[in-house]
Structures are given as C-alpha cells and as structure tokens.
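Take a look at this single chain, the form predicted on its own, given in structure tokens.
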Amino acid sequence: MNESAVKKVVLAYSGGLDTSVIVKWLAETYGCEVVTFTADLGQGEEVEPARAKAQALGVKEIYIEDLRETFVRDYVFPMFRANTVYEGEYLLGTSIARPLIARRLVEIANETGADAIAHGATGKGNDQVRFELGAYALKPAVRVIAPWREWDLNSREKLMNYCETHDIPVDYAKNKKKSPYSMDANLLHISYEGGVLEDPWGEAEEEMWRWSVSPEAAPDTPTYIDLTFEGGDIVAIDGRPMRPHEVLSHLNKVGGENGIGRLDIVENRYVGMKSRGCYETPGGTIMLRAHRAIESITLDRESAHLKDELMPRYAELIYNGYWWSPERRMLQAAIDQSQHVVNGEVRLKLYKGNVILVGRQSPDSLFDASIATFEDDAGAYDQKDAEGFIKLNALRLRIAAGKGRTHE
C-alpha cells in the first residue's frame, strides 16, 4: 500500500492495549488521521471509557455505538434459525459478531471520507479473514490495514516499550491483574484462548470461567422456563415479551446460574491450524435446544432433514467469514422460508449444566396424537398399508439378492 495515500483510517477500537498502540502506530507510520469505532455488543464491560482513551491519544472523531439489539436481531437470531453449530460443538459467538463490525467500519469510512479501515486481528487468526472478507464484499475498493501483519511489535514486552516511548497511557494496576487468556466477549458468548489452554491435555482452570458456575456448584433445585417462539425467534420468556437482546441477556443469566454453556474444543481454523479454545455460551445453548424442540413438532420431516443437511455448510460460511456472500444469503432465504410455521412454546428444565426438554406445544403442530397413539386409533391409520410400503422399498434389495449379490 502507498502509505502516503492514506489520509484517514477508521479503526475497530476496543480501548485495550493493542488497539491503543495501533492508534499511535497508524498516525506515525501512515501520517494519517485516525477515526475510532467502538461497538457495544454486550461484552459485559463499559465501552464509554474508550472515548476518554481515544481522546487522550489525540483522536478527534470517535464513534461509540450500542449495537446489542441489531446484533441479536439481525445476526444471532437468523443464525439460530438454522440451528447452526460449527464442527458439531461451537456456537460461533465470535464469528457472528464480525460481519456487523465490518459493516459499520465500512459505513463510517463512507461517512467520514476515510481512505482505509484497520483492525487489531493477528495474522494467525480467523478474525482478520472475517473482517476483511466482509469489508471487501461491502466496499470492493476498500483499503485494509492490518498492523499485526506489518509491524514488528510481536510481543507484549515490545508493546509496553512502545507505549512508554510514545507516551501511551497504560492502566498498570489493571495490567498486573490481566487475565493470561486472550478473550473475546459479546452477548452470545465469551471465549478464552492461550495460556494453559495451549496444551490440549491440560484442564481449564475453574477461576477462568466468568459467566457460569460449575455444574457441581449449580443449585440443587432445577429451574423451569417457558420460551415463546414466533417465526423461529424467541419473543417471550415465561410469558413476558422481550426484545431480542433482552432474551439473550436473560438466558445468559439463568443459564450461567445453572452451570450451562461451557465448552472446551479444538477447532480447525480457516487459516489452516488447529486451535484449542474454551467458550461460555449459556443463552445460546438454551436457544439451540429450544429451537430444535419447537421445530420437531412444526416442521415437515423432509424440510427438517434438508435444514440439517445444509446447516454444516451454513456454519462453515459464517465461521470462515462469508456472511455477506451470495451463497449465505441464498441459504438464509431457504432457512427463513421454513420458519413461518415455527411458532409455539417450549418448556425446559435447567439443572446442573443440563438443558432438559420437558414440553412443547404449537398451534402449527404436525404431531397428531390420534395417529401416533399406541392405543386404539379408531381407523386413523391402517397398519396393513405398511406391508406394501415395505415391499416397494425392499424391491431393489430383493432383486440384487436374487442375482447373488452379497451385502457383506
């Protein structure tokens, strides 16, 4: 990139050490003005202090936005309509936040006349891919600056020395208590990487977890909750209407209190390496269980099975950063079409790390007790019909066996 051509850049700014260094590094390296963008996605920490930190670094244009409602309504809920799970376990808490941040970076760049956007993702992770694929999809000619791929500040010691040399304020008291883990949080989850987790044999420390109690320490009395669905989304809990971000926040609280949502996995990153991470997703774990339950009585068999076939591909697209791709939009249209009948209530029992389904009902239910009953069905189902059904489906097997073909 021609450094002299960059006059203004929009930085995804957390207010932490890395992105504070990046503010100064961008101004020094590119001689440009820096605009900071800080998104409140429900990470559980105050985002407003980022304003004072940015001002102390000389930033004139500062964007701090509460995007919790948008995040859950337009990103988390659509993803959960697909029952999305990556590699059988991961509920994509980090992945699903990136397309929203990328969109706002591009929009702010357009609003401020910036020449480029920048982020603090490293060159080893998935987030660099997600941010940049999203940005290029929304603004093809956008310039992207990724300092971790350019600078030589590749250790914490070098970052601290840079801060000292350039008079970047550091909260040393907080720094001394800094978690040994690399963490990311939003309303859907909190993730942990690094530290002792770099050994996949080592057990995660109990004090690492922040949102949930251990199942052993959870209450001895179960918690019952009723979730109301409309069009595949939860709209009320225990009969009380809630906005999307309120739903997830409430489920995080009650789930965490009951030891729900802890996960320890080794995942395959898009850039090629395997990475061990731990996640807390209490609300998402409850949502997934409940959504599959309401679909079990409202969706036609083939529609449900087709969704399950498409889901791994859909999950991979989100994990790899293709939220804004035409194929993800196409899959989303098919998924959303299926959700018009996904209405009703699900009752769950939360107990010591378990999400136990105890009931489901819907005005759009396809469950017909008069047919499914083990008692007298009064002629609703003629069992003799099964004989012809079985013989027709066995025809090709019988023909092959008659030709001496074995199935060993």
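These numbers were taken from a predicted model, which means no experiment stands behind them. Numbers follow the displayed sequence, beginning with 1.
If you look for the form predicted together with a further copy of the same chain, you will not find it shown, but the lines that follow are about it.
Engineer: Using a 4.5 Å heavy atom cut-off, indicate which stretch of 138-146, 249-257, 92-100, 236-244 touches a further copy of the same chain in the model of the complex.
Structural biologist: It is the stretch 138-146.
Engineer: On the criterion of a non-hydrogen atom at 4.5 angstroms or closer, are 312, 334 and 385 all touching a further copy of the same chain in the model of the complex?
Structural biologist: Each of the three qualifies.
Engineer: Would you check, heavy atoms only and a 4.5 Å threshold, whether residue 193 touches a further copy of the same chain in the model of the complex?
Structural biologist: So residue 193 counts as contacting a further copy of the same chain.
Engineer: Though only this chain appears here, would residue 322 touch a further copy of the same chain in the model of the complex if you measure heavy atom gaps against 4.5 Å?
Structural biologist: Contact with a further copy of the same chain, yes.
Engineer: I'd like to check something about residue 68: if you look in the model of the complex, is any of its heavy atoms closer than or equal to 4.5 Å to a heavy atom of a further copy of the same chain?
Structural biologist: Contact with a further copy of the same chain, no.
Engineer: With the partner left out here, check for me: in the model of the complex, does some heavy atom of residue 112 sit within 4.5 Å of a further copy of the same chain?
Structural biologist: Heavy-atom contact with a further copy of the same chain at 4.5 Å: absent for residue 112.
Engineer: Under a 4.5 angstroms heavy atom criterion, identify the one residue in 44, 58, 49, 363 near a further copy of the same chain in the model of the complex.
Structural biologist: Looking at 44, 58, 49, 363 one by one, just 363 meets the 4.5 Å heavy-atom criterion.
Engineer: Where, within 377-397, is there a heavy atom within 4.5 Å of a further copy of the same chain in the model of the complex? Residue list please.
Structural biologist: Contacts from 377-397: 377, 379, 380, 381, 383, 384, 385, 386, 387, 388, 389, 390, 391, 392, 393, 394, 395, 396, 397.
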